[in-house]
Every structure is written in structure tokens, then in C-alpha cells.
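Coming up, as C-alpha cells: structure 1 and structure 2, two forms of one and the same protein chain.
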Structure 1
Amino acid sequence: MVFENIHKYGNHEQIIYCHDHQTGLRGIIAIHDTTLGPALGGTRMWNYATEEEALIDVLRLSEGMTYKAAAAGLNLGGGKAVIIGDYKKDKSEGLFRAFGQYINTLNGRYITAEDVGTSVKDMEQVYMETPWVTGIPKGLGGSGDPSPYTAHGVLMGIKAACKEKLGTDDLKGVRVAVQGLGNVGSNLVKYLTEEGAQVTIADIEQERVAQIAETYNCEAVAPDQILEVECDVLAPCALGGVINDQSIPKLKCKIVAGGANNQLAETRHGDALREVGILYAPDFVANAGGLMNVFAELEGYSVERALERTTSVFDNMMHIFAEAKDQNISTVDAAYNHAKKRLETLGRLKRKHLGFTSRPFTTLKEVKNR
């Protein structure tokens, strides 16, 4: 079953199962492709119903990271990790340090960061066991929470989509429905309201909805209503698969552009959106800002450099829209083609990334400066 899923969900290079009975660690690290460099992707902690569900999620997410890095022009491969458990109850220092030891055995083939269900504090505990982690606290030389940069990239993606579909990237008065108010979604709401957009929000955490609605003067609707809100832009920022056969006929938007990974249940839903006249901003192009930010840690971090990279999402997205029109294909196909072309071109020049060395390093900066 494991090898069948690997073949079905992206033909990955390596899958690592992580288990520690004492701390309760049950995790999976998936390295999809290291053609362009070491695999970098966050660690998600989620209470999966089954281990197979966790495996399929990490396989899909890690494949998405390959294309995200390639489309963004970064010299990184695609990887992801999941930890099975309730992020509200099952976290401990021991669990994340045990997980860090597994990451360390890979000698830099996989570099982690925070994701859904994990935090900067969790990454600090991982960092106690391995240097192969980004998004660590600023006091340790990292950039802290990457979510504001992910959200800033999504904002740039929305502006590009509005430029393409509405004829302007001025968001004043543009109606945006944001599904999901986690770290990315809540930061996106902040940016959107600062731009003058009219924002409608929804999340399963009602206290968070009430707080953000009051802070940013947003309209709130029930989670099961947000996809059907009449708006210019639907911004999915929760879990994936929300654009599917059931939801597409109910959409009342002109654009889908958000921060969630794997927004399309299947790639063919990009064509389905195109057929009904809805412009799709491919998620792995729009939400690359967080990856760009943590990549800046590998270069030698500066806020200015990180923001320069996340602002480039606008131009990246406009390029994808242009390719889709020129080739008369969906935007998601254009985005995949763009990423695959870079992988194929550079793949002729590079071999798989085998890690750096068995010698431990204090920081990633030291590795870079060897």
C-alpha cells in the first residue's frame, strides 16, 4: 500500500517513518524531489483519522513543495512532514526533540519549518537536535513566524489576479471572502483591509472569527456558507480540496486565489473553473511567500530581502496567466508546465541532493559559508 501510494501521489524519492514510543511520536517525512536542492517544507501536526490518510497528505504536500520552489525560482527541492496527533493536547518538548533527531539523520536532505498545527516554539525545540530547521526565533538567527510573508505573497497573487480579471490591482472596494483564519488567513485579512478591500470571513473557531471581525470590521458567515458568498475573490486559507465537483457549481466569485495548499481536489478542477469563467491563481505560486522567507534564512536573513522575494509573486503569477492564455490551457496546467520545465532543464545539470555532511553544524549559515 505504501509503494502504491508513492506511485499514485508523485513518485517520491524517499519516505521516512518516525516513531518514538516514550514521547508518542508518530510522524512521516516525505522527500519528493531534490533536483534543485535540499527538500524544504514544513511539519504539519494533525489528528489524522488513519495512518494512510496521513501518508497521502504528506505525499501530496511534499509534491506541491517541489513545484512551489521550482515555480518561485528557488534552488530547493520539495519535502514535507506530518506528525499524527492533536496539536492542542499532544505536544511536548520530548516529541519535537525526538522528531528533530530523525531530521538530523538526513544530513540536510530535508529541512523543516512550521506548518499547520506547529509553531515557532515547536521549531525551536526541533532546533535543539538539528540545524536543519528554519522559521526559528529571531534570537537564534531565524526569521520567526513565516506566516506574514506567506500572506503577503498571497496578497500579491490576489492583486495579480485582479489585474488580470478585473483590469486593476487596486483592491479598494474589491469583495474578498477568506476561508480559514489561521496564521496565514488572519494576516491576509489584515493586509486586505489595509488595501481597502471589503472582507468576509469564516472559520471553525468562532472566538477567532469574532475577534478578527471586530478588529478589522469584517462581515462573518458560517463556515459552510463561505464558499457560496457572492464576491470578487474567494481566498481559501484552510485545508485543501475545497474546489471540487460539489463546490464549483455553487461558487459566486470571479477569482479563486488563496493561501491553502492543494485547493483543487484534482488537477482537472482547474479546467472546470476555466470553463465557468473563474480565474484560478495556482496555490503553489500564490502561497510561496513563506517558502521564500525561510529560504532567505539560508542566504543570510534580512526582512528587506524576504519582502523583495514575496513581492515577486505578483510577476510570477502574471507570467503564469500569460502562458495560460498563449497556450489556451488552464492556469494550473501553465503553472505545472513552468515548474516542470525548470526541473527538467536544471535536472540535466544536477544530480539528486545527497545532504551536506555527517559533521554537525551549529547553524545553516555555517553550512552555507563552508
Structure 2
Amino acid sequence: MVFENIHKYGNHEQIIYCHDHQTGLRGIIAIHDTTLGPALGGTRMWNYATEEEALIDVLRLSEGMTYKAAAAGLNLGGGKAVIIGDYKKDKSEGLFRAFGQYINTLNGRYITAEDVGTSVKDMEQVYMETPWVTGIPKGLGGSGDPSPYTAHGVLMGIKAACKEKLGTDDLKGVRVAVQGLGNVGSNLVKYLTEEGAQVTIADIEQERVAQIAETYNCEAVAPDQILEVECDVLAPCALGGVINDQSIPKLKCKIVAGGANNQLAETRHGDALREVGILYAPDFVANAGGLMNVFAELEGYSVERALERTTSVFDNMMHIFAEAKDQNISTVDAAYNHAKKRLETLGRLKRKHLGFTSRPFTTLKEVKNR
């Protein structure tokens, strides 16, 4: 069953099951592809109904990280981890330290970070057992919560999409509907309002809606109305799969550009958006800012370097739009092609033996221990 799923969900290099009875740890690390570098991706803690569900989730998520890193121009492979459990009840120092010990055995082949259900504090506990963790507290030389950087990258993706579709990247007066006001969505609303955009918001947590609406002076609508708001940009920042056969005919936007992972229910919905004249900013290109930020931690963190990278989402996105136009394909297909081409080219270069000379680059481990 495990190998069957591996074959079905992306032909991964390695899957590691982590078990510690005393702390209740039941975790799976999936390393999808290390052609470009160490597999980096966060640890999700979720109350999966079955072990198979956890396996399928980690397989899909880790494959997604390979393309996200490749499209972002980072020298990182794709990996991800899941811990089976309720993040509200089942967390303990022992659990994250036991998990950290397993990550350590991989010697940097897999590097973790926070994800849904895990926090900067959890990563600090992982760090007690292994250096192969990012998103650790600033006081420990890390960069803390990556969400503001994810949101900054999304802002750049929105600007690129506006330039492409509306002819300007000036967001003054541009109408943006933001679905989901969590870590990414709330930071995005802040950046958008600073740019003078006219923002409409929705979340299922009414308290959050009221607080953001008051702080940033924006209009709020019910969660079931946000996809149908008449606007220039729809920014999904909550769930995956929101762009589907049912929602597409109801959309009243010119652009879909947001931070949520897997916004398209299926890749074919990229073509469906194109057919109705809506420009789609591929999610894994738009939301790579958090990954860029934690990658900067591996280089020796500086805010300037992290912002330089998240700003590059603008150029990356414009490149994808140009490729899609040239090849007459959807933007999501163009983004996958771009990522796959980089994997192929650099993978081929790595196959050459260059003699017994000293290595031109330091390893990430040397960089980390500097």
C-alpha cells in the first residue's frame, strides 16, 4: 500500500516513518526530490482520520514543495512531514524533541519548518535536537514566523498580475477580495491597504473579521459571498480547491492571485479560468515567499536578503505569464513546465564528474555552522 501510494502520488525518493510510544509520536517524513538540494518543507500536525490519509497528504505536499522551490529559483528539493495528532491537545516538548531526533538522523537531507498546526515554539523544541530546522525564533538566529514574507510575496504576485491584466502595478484603487484572514491573509490586507487598494474581506471567524475591518477600514462580506464579490483581484488565502467547476461560473474578478495552497481543485481549472478571461497567478509561484525566507536562514539570515528574494516573486510571475502567452497554454501549466525544465537542466549538469577539485560552493551545513 505504501509503495503503491508513492508510485501514484509522485515517485518519491524516500519515506521515513517516525514512532515514539512514550511521547505519542507518529510522524511521516516524505522526501520527494533532492535534485536541486536538501528537501525543505514544513511539518503539519493534523488529526488525520487514517494513516493512509496522512501518508497521501505528506506525499502530495512534498511533491508540491519540489515545484515551489524549483519555480522560485531556490537550490532546495521538495519534502514535507506530518505528525498525526490534534495540535490543540497532543503537543508536548517530548513529542517535538523525539521528532527532532529523527530529522537529525537524515543529516540535512530533510530540513523542516512550521506549517499548519505547528508554531515557532515547536520548531524551537525541534532545534534542541537538530540543526536541520528553520523558522526558529529570532533570538536563536532564525527568522520566526514566515507568514509576513509569504504575504509580501503574494503582494508581489498580485502586482505582477495587475501589470499583466490591468496594465499597471499601482494598486491604488484596485479592488481586492481577500478570503481568509489568518497568518497570511491578515498580513496581506495590511500590505494591500498600505498600497491604497480597496479591500473586501471574509473569514469564518467573525471576531477576526471585525478586528481587521476596523484596523484597516475595509468592507466585510459573509464567507459564502467572498468568491462572488465584483472585484479586480480575488485573493484566496484560506483553503485549497476553491477554484472549481461550481465556483468558476460565479466569479466576478479579473484575476485570481492569493496565498492558499492548491487553489485549483484540478490543474484543468487553470484552462477553465483562461477560457473565461480570468488571469490566474499560480499559487506555488505566488506563495513561495515563506520558503524564500526560511531559505535565507540557511544562508545566514538577513531581512534585506529575505525581502530581496520575496520581491523577486514579481519577476518570476511576469516570466510565467510571458511563457504562458508564448506557448498558448494556461499559466499553471507554464509554471509547472518552468519548474520541470529547471529540474531537468540542473539535474543533467549534476551528472558530470568535474574532477577531484575542491568544491566551488560551501555546503549548507558549513554555512549553517559558520
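Throughout, residue numbering runs from 1 along the sequence of structure 1. Quantities reported herein were computed from a predicted structural model and do not represent experimental measurements. Under this definition, the rigid core comprises the largest set of C-alpha atoms superposing within 1.5 Å between the forms.
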{"property": "Structure, 1 versus 2, that is the form predicted in complex with nicotinamide-adenine-dinucleotide", "result": "2"}
{"property": "Core-superposed comparison between the two structures, Lys89 Cα displacement 2 Å or beyond", "result": "yes"}
{"property": "Rigid core superposition, Phe284 Cα moves 2 angstroms or more between the two structures", "result": "no"}
{"property": "Core superposition between the two structures, C-alpha change of Phe99 at least 2 Å", "result": "yes"}
{"property": "Backbone CA shift between the two structures, Cys18, after core fitting (angstrom)", "result": "3.7"}
